[in-house]
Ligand code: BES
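Starting off, we have a lone chain in the form predicted on its own, written out as structure tokens.
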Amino acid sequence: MSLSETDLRSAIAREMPGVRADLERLIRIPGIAFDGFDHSHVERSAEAVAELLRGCGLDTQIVRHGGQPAVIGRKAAPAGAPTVLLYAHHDVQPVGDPALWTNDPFEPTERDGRLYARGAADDKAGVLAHVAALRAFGDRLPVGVVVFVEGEEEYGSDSLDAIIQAHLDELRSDVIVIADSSNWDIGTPALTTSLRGIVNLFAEVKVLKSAVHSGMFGGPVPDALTTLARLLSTLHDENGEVAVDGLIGREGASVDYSEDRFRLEAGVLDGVRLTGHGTITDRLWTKPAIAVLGIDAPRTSEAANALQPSAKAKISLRLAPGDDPKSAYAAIRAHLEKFVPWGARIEVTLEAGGAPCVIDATGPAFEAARAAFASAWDGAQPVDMGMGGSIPFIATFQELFPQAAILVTGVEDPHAAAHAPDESLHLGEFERACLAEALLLKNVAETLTE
């Protein structure tokens, strides 16, 4: 006999203390896949995830194909029942300057109903949402499951395609749940139905063979930092609209997102004007965006009275749905080469790129998800929303599993500060997300079982 919604509500409430304890243990492992960090912690993190999945009765293995370890756990479907793939990632972003955090980034700390730590929301809570749903069912799981927890999503998922290709049959499923996005607001769930793509690149300008005295040569000789600054300023017009020819963008996002709410959630300082034009959702979801993420230059405290011979910037381009990473990179490279001032030498190199995607959120699996979300959030209907961020591998899943319904969900909310200091998880919303996933598995079983 299958579990009822009442049964699942009770089971999730029963399991949450243990789920939170396991989440905190996982958070304490600083698994960062970026170069220059101790990757033994990523190994420890994979082992901890594998232990969690084995505890749920899944046949579990740690796999890798040239990159960081991923974890695959499987449990076969009952006769005639569908199989659901549950995705999350166990690696996290670097913390940046620890002084900007209120507490130790890897020591989870609760304040005002939120759990603060790196990875608390993105995406270790996604891992534990899967675990919570599995624990709620125990040995009465009504669907087959494949839990796939990646180990280098924050670093670009370079080996993900190889892992998927090598384990294609094990990962094949009828429904795919990507637990790595956000909800619309506290108290309002969401399904993400479009995401921007990404192209990260480096632009380096060179003007001198070596540094020279700023007094003796300054004036006729352009310094590299000023040269780079002038070049970067050409990426936007005077209103902050992207000024690179050849990029795709459109208008027409249907969800209302007020400027006051956006400014509050983004932490925009009073008096700072927003850039670009159109609705907030158009600017976030359906139009390209360019940001300068970092510049290699002397620190002000260490700067000598010398003209710098070279300067390098890391630039991030977010692609609107419908654009292509290769053509977008060609467009921004051509722009930089055209507008570099004063005849300076320029070298543009690609770091990584990923495709945008649009999901057709219709059909029985999506209706099962919407019903689950509405129940878990006490009648609040889920919003179909776009996402300004990027999850490029979704396009890979769409290509390799064209018959599967892809549901992009998440545990974050607009105040989660993912990738930033004081990242946090709203504990009440986390419990709702865990319940929603359990109800989703129940609804999918009832809807898709033959």
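Quick note: we count residues from 1 along the sequence shown, nothing fancier. On a predicted model such as this, the values are computed, not experimentally measured, just so you know.
Only in words, not in the display: the form predicted together with the ligand, which the text now covers.
Contact between Asp174 and the ligand in the model of the complex is not found at the 4.5 Å heavy atom cutoff. In the model of the complex, the ligand lies within 4.5 Å of some heavy atom of His89.
When contacts are judged by a 4.5 Å heavy atom cut-off, Glu423 does not count as touching the ligand in the model of the complex. When the ligand is considered in the model of the complex, His415 lies well away from it, no heavy atom lying within 4.5 Å. Comment: 389-397 is the region of 43-51, 25-33, 56-64, 389-397 lying near the ligand in the model of the complex, near meaning a non-hydrogen atom within 4.5 Å. Looking at the ligand in the model of the complex, residues Glu204, Val221 and Lys312 place no heavy atom within 4.5 Å of it. Residue Ile198 is the only one of Leu284, Ala371, Leu336, Ile198 with a heavy atom lying within 4.5 Å of the ligand in the model of the complex. Among the residues Ser194, Ser375, Ser182, Thr83, the one placing a heavy atom within 4.5 Å of the ligand in the model of the complex is Ser182. Residues of 143-161 placing a heavy atom within 4.5 Å of the ligand in the model of the complex, in sequence order: Glu153, Glu154, Gly156.
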